[in-house]
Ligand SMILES: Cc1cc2nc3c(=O)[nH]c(=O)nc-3n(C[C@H](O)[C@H](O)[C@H](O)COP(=O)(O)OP(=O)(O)OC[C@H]3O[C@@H](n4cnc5c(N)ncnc54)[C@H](O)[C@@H]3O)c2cc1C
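Taking the form predicted alone, here's one chain by itself in structure tokens.
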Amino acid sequence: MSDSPDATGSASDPSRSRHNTAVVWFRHDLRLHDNEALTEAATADNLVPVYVFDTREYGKAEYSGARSFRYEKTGIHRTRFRREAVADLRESLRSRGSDLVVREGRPERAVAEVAARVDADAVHLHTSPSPEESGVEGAARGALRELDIDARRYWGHTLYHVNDLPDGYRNVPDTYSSFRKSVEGSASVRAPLGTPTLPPLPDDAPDPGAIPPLAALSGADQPDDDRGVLPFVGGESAALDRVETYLWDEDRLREYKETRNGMIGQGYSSKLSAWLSEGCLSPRYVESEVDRYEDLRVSNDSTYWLLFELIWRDFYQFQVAKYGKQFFAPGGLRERDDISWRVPAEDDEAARQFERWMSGETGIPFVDANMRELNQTGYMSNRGRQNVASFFANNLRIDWRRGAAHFETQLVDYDPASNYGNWAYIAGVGNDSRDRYFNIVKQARKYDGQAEYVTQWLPELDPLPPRYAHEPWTMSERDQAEYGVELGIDYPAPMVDLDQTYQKLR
């Protein structure tokens, strides 16, 4: 980025002048609490909140860069979640005497048109380090500049503020441990802002518009599957309810470190990622609730570990700010060129394997169960994500970005920095170039010992005892006949020999 991600003062800066009319452009900050852009915009006499469904985020898109490919940007799960979040935001604004102007198209045009219509003095927005979002933001700022309308940017997606980093974002350490120690030792988390009192809409406020139908954006209907760990209802209201449920009503935080690698059920981990990614929930609010929990109930390794995970999230955000587009390149931020990635467009076998991986038909049960859960619900445990990514990038050696892009399509909690950062890490092109492959069967036995998770998503394997449910290819023909599960008929034979692929990695 050419200038500081945060280009404004704080809400408490007495030198700031009061605007007659302000526009607040909601992006991935779909909340009223701890929202600096909204808080600052609310000092105006009149306020127009705006959200734009960017049509470029739905349907097929080009990945861009070296060895580009086309993929589905935003799938049904996140589209549904985002619509719900926008609807919840609109309802919250209306309950406070305001409203949300909703448009569909290119934000850089739509926001400028609304700002010009109400003769706004300034447009307030949260900035992002992601190259795509930065590009949209830059275009919007250019359009506003032509109208002589000020664009005021804020930083509000991370736990630690970008301006509070000990050495600035351009010099953040490239390893998580060093980053964590630096912020924990030399920075502090700012107190979250409350929900501001909102000024009225101007008399000439534009028509609020309608939220586009789900099918119009996604071109598909939402799958109905009651096996999901959580419904993941979009919006600030649901986000705050989830914090209340997880921390206070069910008192699960005290055991988070011990249970976080679970595979079945809503309570094994916080499940806050979707609301954090879409900005329905502030990480600073979460931190403040953890602090309160530690004061009122217990402070232990588990309570710290949730903050530890939030700092991981920060780490990838600031890595994207530091490296920009290189973060998403085939060789990653280390620019590695010593791995021969297989490309589906150039390799028929790789293409077939890619399709089988996406659909959960690889013949490796732990991989297939996780992929089917992802496709049906938009969610997968962190343990599952690591294993299916490792299988894709390390065992199959298919271009890791293709797997990461499929996650981008399917995940309800997709975040560009966290998603591509974790994939690059597993693929050995990210913040640690060492091989990070997982022994998938060993992992399956450790985290799904009784094969309850695998058989939940692969009911065709339900007749098998756990040892065969995780390794059905080890069954003899007699075993297959005894249990009524025939490989290649009831469940696919494995498409690769795992042991042989591990040998290539050692």
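From 1 onward, residues are counted along the sequence shown. Treat the numbers as computed from the prediction; the structure is a model and nothing was measured.
What follows is about the form predicted in complex with the named molecule, which we do not show.
Contact with the named molecule in the predicted complex, defined as a heavy atom within 4.5 Å, is made by none of W25, N35 and L201. Residue contact with the named molecule in the predicted complex: S381 places a heavy atom within 4.5 Å of it. Looking at R252, you'd find every heavy atom of it more than 4.5 angstroms from the named molecule in the predicted complex. The shortest heavy atom separation between L306 and the named molecule in the predicted complex is within 4.5 Å. Remark: Y323 does not count among the residues lining the named molecule in the predicted complex, judged by a heavy atom distance of 4.5 Å or less. Between 263-271, 361-369, 91-99, 186-194, the stretch whose residues reach within 4.5 angstroms of the named molecule in the predicted complex through a non-hydrogen atom is 263-271.
The partner is absent here; in the predicted complex, the one residue of L411, L247, V114, L165 having a heavy atom within 4.5 Å of the named molecule is L411. With the partner removed from view, the residue among N422, N395, T377, Q319 that has a non-hydrogen atom within 4.5 Å of the named molecule in the predicted complex turns out to be N422. Annotation for 299-313: interface residues with the named molecule in the predicted complex are L306, E309, L310, W312, R313 [heavy atom within 4.5 Å].
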